[in-house]
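Quick setup: the structure tokens below cover two forms of a single protein chain, split into structure 1 and structure 2.
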Structure 1
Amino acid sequence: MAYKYNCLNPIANIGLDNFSSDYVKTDDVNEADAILVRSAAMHDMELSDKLLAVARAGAGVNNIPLDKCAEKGIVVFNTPGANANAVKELVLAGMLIASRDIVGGIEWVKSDATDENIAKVAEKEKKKFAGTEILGKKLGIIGLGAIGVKVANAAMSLGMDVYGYDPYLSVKAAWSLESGVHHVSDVNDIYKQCDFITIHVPLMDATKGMINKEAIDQMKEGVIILNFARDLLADEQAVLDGIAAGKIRKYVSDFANPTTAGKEGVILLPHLGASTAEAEDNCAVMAVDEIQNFLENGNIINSVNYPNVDSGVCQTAGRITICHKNLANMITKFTALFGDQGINISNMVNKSKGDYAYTLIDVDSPANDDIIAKLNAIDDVIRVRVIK
């Protein structure tokens, strides 16, 4: 079977090259089984009935109408963690440029570039740009997900004393963390003890403004705060007040905005965290894998609007997948149809995410047109696919 995919934005070839010969690229979005997208706005797009999947090569999905897609049985994927190393490396750079006045030093050299005696003058001027080292300093990490874990492990190998706080720590993250990372169960301990504090949590109601006056008041004199997650996680006016009061030595943020741009004590970047060739390649490879696995096997890995379901490659005579509303009695209705025809279900997974659910059924003999028609006719069934 040939599948068609459309790219709404340029997607790295290293990913697209992984599509097997069963896949054809199309410029007509209306005939695509799958769309790959980066930042293109999809909210006002007409979504064709043929479209089965949207894969965002990146993490943020606010350019994609998730509910509208779910309502039509279109599974939306993203690529969590694919840019984690890129962000980790910039966080390390952020710690270093906050500790030593590297930027001030570079600016000074530029300003004195035509001076024939620059080497001599530099020796006199350099004390202005002196700083401190990160070795042995306490680093507090709030959020130990894909990025936080990498920052923790890298900081350990640089000789820092690392403290991590994440009340929802995943098993995968726990396995990946270096054993020397101190587990902190109260975020206030991070605020009170650490010389550097870096935040790596998603922006949600619960995390918005978490670096606020109350948090800053508890911090050590001369603390360096790094924010490579989202600017709204910090009350940035409170941060500026902390800088003015001499409490905060530097605020390093990846989110240039009018509140912080050009302000004393702030090191601001134009959202460069994931801007590396490698991160874009990783995202493209992951997005293509997710689409192929979904189209060919019906598996859902890293979806943001449907639950994750992974049953591997189908080993039985048939596999059917059903996108449906997350309501009572749906499974009974599905299984009854197979039972009525004497078809044995050898494997079944049903999972839900919010208002939507996904059921994957492996059967010992192929499902016939009659069963598929009856599944489609059940109220609140959104889409039925015969995978095999």
Structure 2
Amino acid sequence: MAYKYNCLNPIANIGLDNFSSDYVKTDDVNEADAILVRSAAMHDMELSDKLLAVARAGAGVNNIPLDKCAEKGIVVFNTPGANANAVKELVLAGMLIASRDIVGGIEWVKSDATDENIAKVAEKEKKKFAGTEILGKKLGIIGLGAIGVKVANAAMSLGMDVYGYDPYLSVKAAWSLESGVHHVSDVNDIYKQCDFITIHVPLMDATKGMINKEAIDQMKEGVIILNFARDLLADEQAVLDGIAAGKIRKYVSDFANPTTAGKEGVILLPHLGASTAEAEDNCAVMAVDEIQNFLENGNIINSVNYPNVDSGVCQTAGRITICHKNLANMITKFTALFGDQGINISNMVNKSKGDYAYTLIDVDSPANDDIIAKLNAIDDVIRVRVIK
């Protein structure tokens, strides 16, 4: 079976080259079975009935209408961890730039580049750019996902005293953390104790504006705040007020916007977190793998709007997948139909995520057109797909 995919943004060839000969690139988004995207806005797009999957080559999915996709049975993937090392390195750079006035020093040298006595003058001027070391300082990390864990471990190796907060810490993340990282159960302990605070959580209603006046009031004098996750995680006007009051020493953000651009005490970068060749390659490879696994096997890995379901490669006569609403008695209706047709179910997985659910069914004999039509006719079934 041939599949068609469309790229809304340039996607690294190292990933696209992993598509098998069964995949063809198309410039017509309306005939695509899958879309690969980085930052292109999709909220106002018309989504064709043919579209089955969207893969974001990156972690953030604010540019994708997740609910709209879920309602149409379109599974949206992201690539968590693929750019984690790139962001980690930039966070470390941000800490060092905020601790030492490296940028100010560089600009001074540029401005005096024509002075033949620049070496002598520099010895007198360098005290203006003096800073502090990060060795022994307390670093608070809010969010211990793929990026947060890497930041924690790297900071430990640099001699920092690291505190991590994540009420949803995964087993994998816990095993990956250096043993010396202090895991705190109350984010307020981070605010009160740490010299540096870095945020690595997704933007949701619960996290929007979490770095606000109340949080800042608890922080130590001279705290340095780093935000390489999303600008809206911080109430940036409250941050600017904290800088003006001398509470916040520096605010380092990877998100240029009119509120913070050019403001005193703010170090602003133009969203460079994942802007490395290696990160773009890693994201492209992971996104392509996710699409192929879903289209060919029906497996969902790293979805943000449907649950993860992985049953490997089908070893039976047939496989059917069903996107549906997360309601009671749906499984009973599915199994009854197969029973009426005399088709034995050899394996079934059903998982839910919020309002939506996904059921993958392996059967011992191929499903016929009649049972597929009857599955589609069940109320609150969104999409039925025959994988094999």
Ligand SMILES: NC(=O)c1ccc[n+]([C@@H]2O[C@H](COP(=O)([O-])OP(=O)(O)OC[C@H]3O[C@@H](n4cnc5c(N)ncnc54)[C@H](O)[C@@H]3O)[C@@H](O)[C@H]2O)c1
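For clarity, every value in this text was computed on a predicted model and none was experimentally measured. Note that the rigid core is defined as the largest set of C-alphas that superpose within 1.5 Å between two forms. Numbering for residues begins at 1 and runs along the sequence of structure 1.
Enquirer: Two forms of the same chain here; which is the form predicted on its own?
Expert: It is the second structure (the form predicted on its own) rather than the first.
Enquirer: When the C-alphas stop fitting one rigid part best and start fitting the other, that is the hinge; which of T335, G81, N63, D33 is there, between structures 1 and 2?
Expert: Where the C-alphas swap which rigid part they fit better, we find G81.
Enquirer: Fill in the domain rotation here: degrees turned by the smaller rigid part against the larger between structures 1 and 2.
Expert: It comes to 13 degrees of rotation for the smaller part.
Enquirer: Look at the Cα of V29 between structures 1 and 2 with the rigid core superposed and state its shift in Å.
Expert: Value for V29 between structures 1 and 2: 3.0 Å of C-alpha shift.
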